[in-house]
Structures are given as C-alpha cells and as structure tokens.
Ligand code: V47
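Below you'll find only one chain, the form predicted alone, shown as structure tokens.
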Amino acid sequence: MDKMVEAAGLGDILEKIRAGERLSTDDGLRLYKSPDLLAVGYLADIVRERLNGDKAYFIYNQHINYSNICTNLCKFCAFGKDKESEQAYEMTVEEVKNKVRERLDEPITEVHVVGGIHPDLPYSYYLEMLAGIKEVRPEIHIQAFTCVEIAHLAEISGQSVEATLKDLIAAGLGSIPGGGAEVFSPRIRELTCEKKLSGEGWIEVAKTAHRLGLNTNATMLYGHIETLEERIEHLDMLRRAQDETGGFLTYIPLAFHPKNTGLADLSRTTGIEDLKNIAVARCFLDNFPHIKAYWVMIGPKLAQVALSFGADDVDGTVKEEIITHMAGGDSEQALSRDQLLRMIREAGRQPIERDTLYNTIKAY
C-alpha cells in the first residue's frame, strides 16, 4: 500500500502522517486534488487506527426539529420556511415534551434539538423547552441549538453569548451540535446565506462554549459552489480553534442535497466526493478525536465504507430526521441498533455504543 501512495505522488504526506506531523494547508489541498481515492483513504485509515483502533461508535439518539420557521432562508436549505409558508410549523413546549414521552420505552441517551432562526419565539420558550425535556426524561443528555441559534438567542435575550450559554446550561443544555457552519468563506456566505452568522462568529460561539466546559461538534456543508481551497480554509479555521480551546468532539462533513433548495440545479455529491471529504478531514484535523460518517446524509452503505476511509463514528438511531429529507434525502428515517451493529461489524470494526461525550455505554 505504501508503494501505491508513493505512485500517487503522496509519499511525503505518508511520511508526515507516519511521523505524526501536522499537514499543511497545501498538503490538504493536494489530498483533495488527488484522483487516487484509495491512496488518500489509506492515509486517513492510518490516522483513524492510531486514534481509535478498530472502534466504531454509534449512539441511541432522537432528533427533534422544533420549528422550520426561519428568517435566514439560505439558498442551500430546504428545511427553513418563511412563517407565512403553508409548510411552516412550530411546536409548543408541550408538543416537544410529547415527542420525548413517545419514546420513553427506548434506551435513548441523547435528544438532539435544532430548528430555524425564528423571528417571534421568546427567549423563555427555549429555556422552557430544555427544562421540559429534562422534566420528562431527567437523565437525558440534550445536544441542542447550533452556534447560529445560540447567537440568535443571545440577541433576543439582550445578553452576551457567554451569559446566554450559562442560562441554557442551567436549563439543561449538555452540548452543542455542529450545524450552521456551512462553509466559512465570506464569498460563499455572501452568495448563499448572506443573513447568517459569519464564519468567524460561528467559531467565536463555539470557543465561548468550550471555555464554559461545553463540548461542541463541527461540520462543513460541501458539494455546492465552494472551491477546494475554501474547504481547506474551513478545516484550517476549525483546527486552529481546536488548538486554542480543545472542545470539539467530532467533525461531520455534510453532503449537500440540492432538491427543494435555491441551488436545485446542482447535482448531488458523488460517492468519491463523500469518501474524500471524510478522508481528507481525518488526515488534516489531527486534533479532532473523531470523524463522523453521517449515514442520514450519505446513506448507510457509503457510511459503512467510510469506516475504512477515516471515519470512526456513524452517528446513531436518529429517529425522525427532517432537515435532510426535506432536501430530497432518500436514506431511512431511522436505523435500529441491530442495523447499526451489523453495518459496523461487516466493515470489520468493533461496535461501541457511546453517549454524547464518547463515554462507552457498551462495547459489543
């Protein structure tokens, strides 16, 4: 395999990876540009094995999208709707609690809560929602509100991001998901999501959370109009933030789904693009403990293959994901624990059921 990597012109990068040396942004760009997917995947697999052995993680989780009403209406999003839209919806705190009640018989350890940037919901709604989920299921870990939502909540509360996060933690917030990062490039944001929090703003919210002891995830939405240079720039910003605060748990590359979006004329990502984004991230983000192959976005079959291309996590049971499916995602709405176990075992990995913070619940 080493000869294959050398034949692909990546021998110097192989040496760096074997020595545990940090890759430069130029190295990352070369990996993106390399047509030899297997060579890039092999490099990523060396890093994955060094960090996580043969473990592949999953979680028993539930997703709740409390409202799709959003003032940002980004061009790449099929989920967000104007409040006048026939497809717009918002859930009351009681309806959110009922969603949690419906699954009390299942061994769910995480409730994952995200929504749009709602123009009218009061600050108290978000605090009551967190407290309400905890009331129904006191032991649950709540991973909620993207950095974009947190910035919005700080604005409507009239407080700093830090003070807002302290309120949310007191109400039950356990960690923050990685959404809303999209691509940090100002060019991309101007063309696709001009109303959204800036890339620097997103990073600052994440770092503030880390300083308060909250872990967060990180994402990048790839496969629309971004360049390879903009992808590496995005990864470099994440890596530098992680050097500073160390609070990112996992990086999740998100494949763009064009259907029902303002970029519907674009085609969906290819399998090679999906695997390469996972592999390059695993090679480049040397300070991120985990890389997730999010099966909802790329499908269970490709997520299974990704476990040999740098990924060590496939997310979880998910239970009713709406955002990707509104954009034409055709993966299942949920996978059972048995399906996840089979998927991981067939890939030659050891399934580890984890909690949100990557503590082992059960090693299979």
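Throughout, we count residues from 1 along the sequence that is shown. What you see is a predicted model, and the numbers here were worked out from it, not measured in a lab.
The protein also exists as the form predicted together with the named molecule; that form is not presented, and the subsequent description refers to it.
A.B. asks: Could you work out which of M297, A39, A303, L335 is the residue within 4.5 angstroms of the named molecule in the model of the complex, going by heavy atoms?
C.D. replies: The residue in contact is M297.
A.B. asks: I need to confirm a contact call. Of I252, V111, L165, I117, which residue comes within 4.5 Å of the named molecule in the model of the complex, counting heavy atoms only?
C.D. replies: In short, I252.
A.B. asks: Counting heavy atoms only and using a 4.5 Å cut-off, do Y32, T192 and D274 all touch the named molecule in the model of the complex?
C.D. replies: Not one of the three qualifies.
A.B. asks: Could you tell me which of 82-90, 124-132, 288-296, 151-159 sits within 4.5 Å of the named molecule in the model of the complex, going by non-hydrogen atoms?
C.D. replies: It is 288-296 that comes within 4.5 Å of the partner.
A.B. asks: Quick one: is G199 in contact with the named molecule in the model of the complex, heavy atoms, 4.5 Å cut-off?
C.D. replies: Result no; G199 lies far from the named molecule in the model of the complex.
A.B. asks: Is there any non-hydrogen atom of G223 lying within 4.5 Å of the named molecule in the model of the complex?
C.D. replies: Output for G223 is no: heavy atoms all beyond 4.5 Å of the named molecule.
A.B. asks: Would you classify G172 as touching the named molecule in the model of the complex, given a 4.5 Å non-hydrogen atom cut-off?
C.D. replies: Residue-level check for G172: no, no contact with the named molecule.
A.B. asks: With the partner left out here, check for me: in the model of the complex, does some heavy atom of G247 sit within 4.5 Å of the named molecule?
C.D. replies: No, G247 is distant from the partner.
A.B. asks: Could you list which residues of 190-222 come within 4.5 Å of the named molecule in the model of the complex, counting heavy atoms only?
C.D. replies: Contacts from 190-222: N217, T219, L221.
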